[in-house]
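Next up is one chain by itself, shown in structure tokens, the form predicted on its own.
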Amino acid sequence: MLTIRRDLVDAMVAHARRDHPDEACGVIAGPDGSDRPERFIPMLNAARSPTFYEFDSADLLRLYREMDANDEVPVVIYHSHTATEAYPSRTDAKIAAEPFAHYVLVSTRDPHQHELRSFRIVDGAITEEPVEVVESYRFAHTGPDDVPEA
């Protein structure tokens, strides 16, 4: 399951809307070993295409060096689909190279509402997972009984 803050979801959707009709893409980095997306990093779609996304290789190299220096990993790798549902294409599955990342797709085919779904993609196998959108990570996994009294 992907647990993600609402502000990060809003940022992905805004990026997808901004780049429409081309696909948008980016990464949300988080602390190594945490599975917690924290730092939103919109990227340029080097393909500049409404049907395909591609990270610029120089930008990607800089990003991975920066994440390595910060002890971060790509927790979420996201992109948009502009005319189809939020489901990975064969090409998306083929290029997925991070087996521990959550692959989030945002569909902007409807101008009034978006569709957001998350997947794990390992060796081309696509598995959809639930998405829990939270306001804060502070009590996201503990339940209401663990919230301190005021």
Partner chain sequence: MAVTVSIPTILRTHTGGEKSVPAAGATLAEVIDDLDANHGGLKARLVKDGALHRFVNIYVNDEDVRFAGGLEAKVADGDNVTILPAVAGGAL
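Residue numbers count along the first chain shown, from 1. Every value quoted in this text rests on a predicted model; they were computed, and no experiment measured them.
One more form of this protein should be noted, the form predicted together with its partner chain, which is absent from this view; the next part is about it.
S.K.: Verify the contact flag for residue 92: yes if a non-hydrogen atom of it lies within 4.5 Å of a non-hydrogen atom of its partner chain in the predicted complex, no if not.
M.R.: Yes, contact at 4.5 Å.
S.K.: I'd like to check something about residue 125: if you look in the predicted complex, is any of its heavy atoms closer than or equal to 4.5 Å to a heavy atom of its partner chain?
M.R.: No - in the predicted complex, heavy atoms of residue 125 and its partner chain never come within 4.5 Å of each other.
S.K.: Using heavy atoms and a 4.5 Å limit, would one call residue 84 a contact residue for its partner chain in the predicted complex?
M.R.: Yes - in the predicted complex, heavy atoms of residue 84 and its partner chain come within 4.5 Å of each other.
S.K.: Answer yes if any heavy atom of residue 60 is within 4.5 Å of a heavy atom of its partner chain in the predicted complex; otherwise answer no.
M.R.: Flag for residue 60 set to yes.
S.K.: Between the options 54, 35, 115, 38, which residue brings a heavy atom to within 4.5 Å of its partner chain in the predicted complex?
M.R.: Contact residue from the list: 54.
S.K.: Only counting heavy atoms and a 4.5 Å limit, does any residue of 98 to 120 reach its partner chain in the predicted complex, and if so which ones?
M.R.: Contacts from 98 to 120: 98, 99, 100.
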